[in-house]
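This document opens with one chain alone, in structure tokens, the form predicted alone.
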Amino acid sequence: METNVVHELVELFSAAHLVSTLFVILAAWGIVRALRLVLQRLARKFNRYRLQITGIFPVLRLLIWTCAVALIVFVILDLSQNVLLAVLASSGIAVGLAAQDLIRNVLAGIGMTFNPLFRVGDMVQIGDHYGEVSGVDLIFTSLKTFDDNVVAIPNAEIIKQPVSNANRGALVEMVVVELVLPAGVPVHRVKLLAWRAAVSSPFTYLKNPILVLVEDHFDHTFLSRFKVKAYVLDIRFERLMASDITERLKTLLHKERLHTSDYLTGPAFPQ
């Protein structure tokens, strides 16, 4: 039996097997690359369904590579049970010791593929990093921050910590804009101006409600913190919308002469 196993192991490295294996690997790589390009074009053409289209790529990629590996092992190499056990036993220990982190990341990536915490295109907070998910591989997940930096986070690290998802596969998401003013400002008037600033922004998704909340805040003195909660049309415009609403609100406050310096001592304002 041992002689047969050794003979079969030697045959694994025959020229025919190596050429066929290389062909399958290149074919799988080509299919995955073509699939990525097709889905990217579809996502650009149908931007409204961008997140749904790009979200299916990780699953399809995993299925393609799984089929490629199965084809190599069970069809091209046609390993017998004894040879398969011998290969797994000899390589398992070496790979397990040399690539523990890699294996953990791959297993985490497979788990995230079938039980996704997020999709490509989602805005997520992972640890100290916040940005758009630009890629989900078996080893790393890539985030594109608003500074145009790409942060690669190992998948094994992601499943260890809380993950905050701002839109969960939807194209719109809530954006919160904060403005801190002295406590003496006319609350009702400022809330109205804040609502006007949000509703007039070209980035605001008007089908969802706009809320303006106010709460007391103390930082060396009593202050009023205004929070404008509105939905953006596209998650990629999140920072543009926040900046636009802030600018519009400050412009409206200036036009109505609600200068913050007038309220540093907290005088009452006629409602």
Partner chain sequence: MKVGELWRESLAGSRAWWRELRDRFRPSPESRPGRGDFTKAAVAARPCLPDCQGAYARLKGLPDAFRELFENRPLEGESPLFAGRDNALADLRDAVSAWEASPSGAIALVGPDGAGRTTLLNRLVSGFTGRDRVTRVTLAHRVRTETDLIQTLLLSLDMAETVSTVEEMAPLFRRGERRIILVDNAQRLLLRTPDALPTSEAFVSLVAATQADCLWVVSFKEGAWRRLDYILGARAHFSTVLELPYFNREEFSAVMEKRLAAAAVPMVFHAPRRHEKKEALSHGTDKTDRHPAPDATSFVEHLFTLSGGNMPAALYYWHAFSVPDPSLKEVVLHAGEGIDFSLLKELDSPSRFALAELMAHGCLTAGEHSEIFQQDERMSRLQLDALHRLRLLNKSAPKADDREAIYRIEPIFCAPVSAFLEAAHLMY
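Keep in mind it's a predicted model, so treat the numbers as computed, not measured. Positions refer to the first chain, counted from 1.
Beyond the structure shown, there is the form predicted in complex with its partner chain, which is absent from this document and is the topic of what follows.
Which residue among Leu37, Cys67, Ala27, Leu206 has a heavy atom within 4.5 angstroms of its partner chain in the predicted complex? By the 4.5 Å heavy-atom cutoff, the listed residue in contact is Leu206.
Of the listed stretches (219-227, 206-214, 59-67, 29-37), which one has a non-hydrogen atom within 4.5 Å of its partner chain in the predicted complex? So the stretch in question is 206-214.
When the contact criterion is heavy atoms within 4.5 Å, does Gln52 count as touching its partner chain in the predicted complex? It does not: once its partner chain is placed as it appears in the predicted complex, Gln52 has no heavy atom within 4.5 Å of it.
Taking 4.5 angstroms as the cut-off for heavy atoms, does Asp244 touch its partner chain in the predicted complex? Yes - in the predicted complex, heavy atoms of Asp244 and its partner chain come within 4.5 Å of each other.
Though only this chain appears here, would Tyr130 touch its partner chain in the predicted complex if you measure heavy atom gaps against 4.5 Å? Result no; Tyr130 lies far from its partner chain in the predicted complex.
Just to confirm, Ser201 within 4.5 Å of its partner chain in the predicted complex by heavy atoms? Taking the distances in the predicted complex, the answer for Ser201 is yes, it comes within 4.5 Å of its partner chain.
Taking its partner chain as it sits in the predicted complex, which residues of 40-54 have a non-hydrogen atom within 4.5 Å of it? Please list them. Sequence-ordered list: Lys45, Phe46, Asn47, Arg48.
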